[in-house]
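Take a look at this single chain, the form predicted on its own, given in structure tokens.
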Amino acid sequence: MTLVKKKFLLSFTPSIVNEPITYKMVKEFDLMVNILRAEVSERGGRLLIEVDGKPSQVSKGVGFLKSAGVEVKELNEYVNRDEDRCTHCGACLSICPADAFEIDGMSWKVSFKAAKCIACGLCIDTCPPRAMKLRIW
């Protein structure tokens, strides 16, 4: 049995922001959901989630969300680094819970491994030269 792990940005309008739509998707399609970021207000809401499950179930779950009026965008790359701004200070190294940053012992340059990133945003808040950017929020 092959499982997939995908990240999605969900946008909820004010009329559906208080509905348990995400809960229903998890329950009905037997999916595991990890909420990476959330922003909810009277004007609507946005969730950045990571979904684990069988490919067919993930696809059906996304279809369910769309039919409920949720805007769904699959994310393949959402955090990036401005190489011109990065000073390789290493502030991001210790704060990243996913070990998405590595330092080269010879050059002391910090590299960013986007595939490991979980979009928690800690590096964005920590980066002194503001080199890390979340493109979706």
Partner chain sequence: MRTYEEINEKIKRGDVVVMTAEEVIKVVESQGLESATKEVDVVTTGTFGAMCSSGAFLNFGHSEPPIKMQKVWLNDVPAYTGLAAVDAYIGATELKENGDLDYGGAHVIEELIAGKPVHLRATAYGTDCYPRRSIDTYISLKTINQAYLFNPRNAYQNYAVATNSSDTTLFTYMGKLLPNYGNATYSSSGQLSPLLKDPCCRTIGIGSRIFIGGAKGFVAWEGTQYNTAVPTRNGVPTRAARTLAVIGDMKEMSTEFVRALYFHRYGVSLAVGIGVPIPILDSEVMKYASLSDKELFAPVLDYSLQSRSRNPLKEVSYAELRSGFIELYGKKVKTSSLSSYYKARIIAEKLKTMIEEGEFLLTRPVHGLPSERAFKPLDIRSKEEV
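Being a predicted model, the structure only gives us computed values, none of them experimental. Note that the rigid core is defined as the largest set of C-alphas that superpose within 1.5 Å between two forms. Positions refer to the first chain, counted from 1.
FYI, the form predicted in complex with its partner chain isn't displayed, but the following is about it.
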From the candidate stretches 52-60, 36-44, 23-31, 79-87, select the single one in contact with its partner chain in the predicted bound form, where contact means a heavy atom within 4.5 Å.
-> 79-87
Is there a heavy atom of Pro128 lying 4.5 Å or less from a heavy atom of its partner chain in the predicted bound form?
-> yes
Within a 4.5 Å heavy atom cut-off, is Ser67 in contact with its partner chain in the predicted bound form?
-> no
Determine whether any heavy atom of Leu122 comes within 4.5 Å of a heavy atom of its partner chain in the predicted bound form, and answer yes or no.
-> yes
Any non-hydrogen atom of Lys73 within 4.5 angstroms of its partner chain in the predicted bound form = no
Contacts with its partner chain in the predicted bound form, stretch 87-103 (heavy atom within 4.5 Å) | Thr87, His88, Cys89, Gly90, Ala91, Cys92, Leu93, Ser94, Ile95, Cys96, Asp99
Once everything's superposed on the core, is Ile103 shifted 2 Å or more at the Cα between this form and the one not shown?
-> yes
When you overlay the rigid core, is the Cα of Ser11 off by 2 Å or more between this form and the one not shown?
-> no
C-alpha of Pro128 moved at least 2 Å between this form and the one not shown on rigid core = yes
